[in-house]
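Here's a solo chain for you in structure tokens, the form predicted on its own.
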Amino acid sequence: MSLSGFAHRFVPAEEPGAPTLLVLHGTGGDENDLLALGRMLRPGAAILSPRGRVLEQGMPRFFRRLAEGVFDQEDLARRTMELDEFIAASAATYHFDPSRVLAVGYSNGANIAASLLLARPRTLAGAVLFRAMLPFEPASTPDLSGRAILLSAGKQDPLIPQALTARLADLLREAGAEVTLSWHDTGHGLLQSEIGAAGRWTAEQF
């Protein structure tokens, strides 16, 4: 399906009152990649899964980069607003509560979710971000009070500098969010044990 220009999948909630998970894939993924992860993290929740609209050597992404770890800030800002509009349009189309949307992002998807938190702080109720880094330094600190955010990071990740993950955590805390920063003895790939830990965190928070 396409909505606001995004190819996507929507899985209705199986549990009354459950949140909607906005699942955001990494580079080269698509709208099918993280459906199973969403079901593991919060069984019974609705799942909204868009495909990134930017292609890098044929691989879908959510925004352009100039080099590894160097983001095209103008494109990031534009794509973040497009994603925000897509969430609002999806809530109207699929009739879910727009105040109960939890982002679940991996790598590039985690980074645009972090951008959404910083640029449009009222859009997300919280987030589970795997392999995220600070996407940009905001001009002013947003108000993220009442938001719960999990950052799940790899100690040996060759793509995500630990300092930029730590800076993101610090900034989110400064914004008033309840932040859990969890380090795992792995690289850029996900461990089954950290997925389990993220599922327990999600069950407690949502």
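Note that residue numbering follows the sequence shown and begins at 1. Computed from a prediction, not measured in an experiment: that's the story for all the values here.
Quick note: we don't show the form predicted together with D-malate, though the next part is all about it.
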| message | Check residue 71 for me: does it contact D-malate in the predicted complex (non-hydrogen atoms, 4.5 angstroms)? | response | yes
| task | Determine whether any heavy atom of residue 45 comes within 4.5 Å of a heavy atom of D-malate in the predicted complex, and answer yes or no. | result | no
| field | residue 162: touches D-malate in the predicted complex, heavy atom cutoff 4.5 angstroms | value | no
| query | Counting only non-hydrogen atoms and a 4.5 angstroms cut-off, does residue 180 reach D-malate in the predicted complex? | reply | no
| request: Identify whether D-malate in the predicted complex is within 4.5 Å of every residue in the set 6, 49 and 90, based on non-hydrogen atoms. | output: no
| message | Within 4.5 Å, heavy atoms only, one stretch in 166-174, 141-149, 56-64, 29-37 touches D-malate in the predicted complex. Which? | response | 56-64
| message | Under the 4.5 Å heavy atom criterion, name the residues of 91-109 that approach D-malate in the predicted complex, in sequence order. | response | 107, 108
